[in-house]
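What follows is one chain in structure tokens, specifically the form predicted on its own.
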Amino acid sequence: MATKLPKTDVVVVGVGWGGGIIAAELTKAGMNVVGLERGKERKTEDYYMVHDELRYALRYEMFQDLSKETITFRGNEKIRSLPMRSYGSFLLGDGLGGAGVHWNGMTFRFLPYDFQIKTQTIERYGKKKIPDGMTIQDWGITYDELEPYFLKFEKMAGIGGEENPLGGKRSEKYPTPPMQVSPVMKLFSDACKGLKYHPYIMPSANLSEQYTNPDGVARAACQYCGFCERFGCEYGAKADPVVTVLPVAKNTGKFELRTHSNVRRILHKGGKATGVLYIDTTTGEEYEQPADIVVMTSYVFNNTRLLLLSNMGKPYDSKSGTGVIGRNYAYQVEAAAGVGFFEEKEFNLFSGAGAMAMTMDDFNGDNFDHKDLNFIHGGSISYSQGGNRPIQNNTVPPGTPGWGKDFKAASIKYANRNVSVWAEGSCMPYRHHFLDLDPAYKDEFGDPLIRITFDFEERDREMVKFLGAKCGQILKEMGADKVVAYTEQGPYEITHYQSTHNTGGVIMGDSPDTSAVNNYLQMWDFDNCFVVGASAFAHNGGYNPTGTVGALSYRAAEGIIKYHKKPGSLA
């Protein structure tokens, strides 16, 4: 029998970027918030002098224990799904701050085209441009409506950058200057300009200078140590929830954080959420946390899974194309890339930062003519100097033996003479790509695992061919002596890392027939339940999702405050 706890105004499930922003904004507005995080607590001191690549990058210290809970995967509905037993394609964060602790800091705004993708595609190319089975839809909000929330996230996090010449209009400049420009970044920029493209310094959550945000949180500047992705930042220079929004929530005295608290169900009655049921994983005790408002702020998979387990919203059915929970799962297309090898030039590739990069959007969104192309959207193309760590970086030209004297010689020669240019490709949703509960596999508590049904499509292969060629073109312009362009996209497989940019499952829109939440991320069916995160994305764009997640989180926080004052639908 679960122990029933005193009621609170709001319970937040998952304390990463979404949960942290919600907690900070709501407690500042005077609301009492309980945050439930199934992982352990974290603080900056945990990372002092812990540049341990083996522990964090290869043994996955900061990620979910797959022996207790994982996902299952199948490429299509005709084959059996199997559990992901070891990490590969993406990394599921675990612990306070979630994936917001181990990210690189690349902080983009999705393009105006993304939010009205169906309308703008049809207006420019006609309905036939959208192939059968592709389920793109407008998001129920425009870029201009979301712009103030993008800015709020950037000011909180201290994002540094420069104007994107092909992006949406900004109401203000970035709050901090961009990161330093390395010689390779300049080489990339000059090459792009020579090809008449429009490069700009990538927006970064790695602070370029000391910064104090509007909430009074002061942070130090980046040291360019090269340990960002898969690592916590010992300096607090990389914006993450632990050093930005969570201290603000705690200082109000209205936020109670409970770690090791694994939520198993959202409780509801008569079309209203009443609270959550969770287990304290340190003791095995079960608790009921009643609340006036429930906010789901877990990762994509858990947001969808908990709604399905709790019988909230209509589950998506791929055969009829009806239902909304699990709909429009998308990933990221990242096979397009190029590697250039230099015989005479040598660079310092050891120093870097997660978002120390140069990028360009000439082939992203609808910034170029797709009339004669067999795909829509596209991707950003970038050179990123993240800092080559010793174990995972050993790039040699194709044809080099995989071991022995020649391999060692090539490894030494090209250690600082290779440059990678890569495309971050968009991913469109299809009727047969979705999330549901696996009928066979369960977690440690006996609850069904979430199942992914997904594969790359012909549209993705065409896009990789196109973007990969552009990557090779840029490397040639950069002066590389040997260029290897990657232009082929094979079937999706889950064993090697691609990106932790999973989206969809609880998507937003302007109709309860095709979306689970409105543009405040409020559920259509349960107006006191909000579902926050990249699960709301109706497709995936050509960027990292975090900046857009942050903007939508601030929008949702505003909606929750409105709802608290006057309950009802915000649509």
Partner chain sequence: MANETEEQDLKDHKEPDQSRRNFLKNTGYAVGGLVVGGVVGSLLRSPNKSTTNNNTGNTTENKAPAGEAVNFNQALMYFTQEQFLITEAATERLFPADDNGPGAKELGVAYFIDHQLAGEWGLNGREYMQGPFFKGETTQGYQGRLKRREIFDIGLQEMQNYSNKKFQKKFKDLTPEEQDTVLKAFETDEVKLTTISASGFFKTLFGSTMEGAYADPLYGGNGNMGGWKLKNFPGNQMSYTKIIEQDKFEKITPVSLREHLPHS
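Residue numbers count along the first chain shown, from 1. Keep in mind that this is a model prediction, so the values were computed, not measured.
What comes next is about the form predicted in complex with its partner chain, which does not appear here.
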In the model of the complex, which of the stretches 158-166, 385-393, 139-147, 288-296 has residues with heavy atoms within 4.5 Å of its partner chain? 385-393
Since only the chain is shown here, I'm wondering whether K28 would be in contact with its partner chain in the model of the complex (any heavy atom pair within 4.5 Å). no
Its partner chain contact in the model of the complex: E61, any heavy atom under 4.5 Å: yes
Touches its partner chain in the model of the complex: S182 (any heavy atom, 4.5 Å): yes
Give a yes/no on whether S81 approaches its partner chain to within 4.5 Å in the model of the complex, heavy atoms considered. yes
Since the partner isn't included here, can you check whether its partner chain sits close to all of K319, E458 and A469 in the model of the complex (heavy atom within 4.5 Å for each)? no
Among G253, P398, G404, G126, just one has a heavy atom within 4.5 Å of its partner chain in the model of the complex, namely G404
Option touching its partner chain, based on a heavy atom within 4.5 Å in the model of the complex, out of N311, T283, T495, S171: T495
Heavy atoms within 4.5 Å of its partner chain in the model of the complex is the criterion; list the residues of 398-436 that meet it. G402, W403, G404, K405, F407, K408, A409, S411, I412, A415, N416
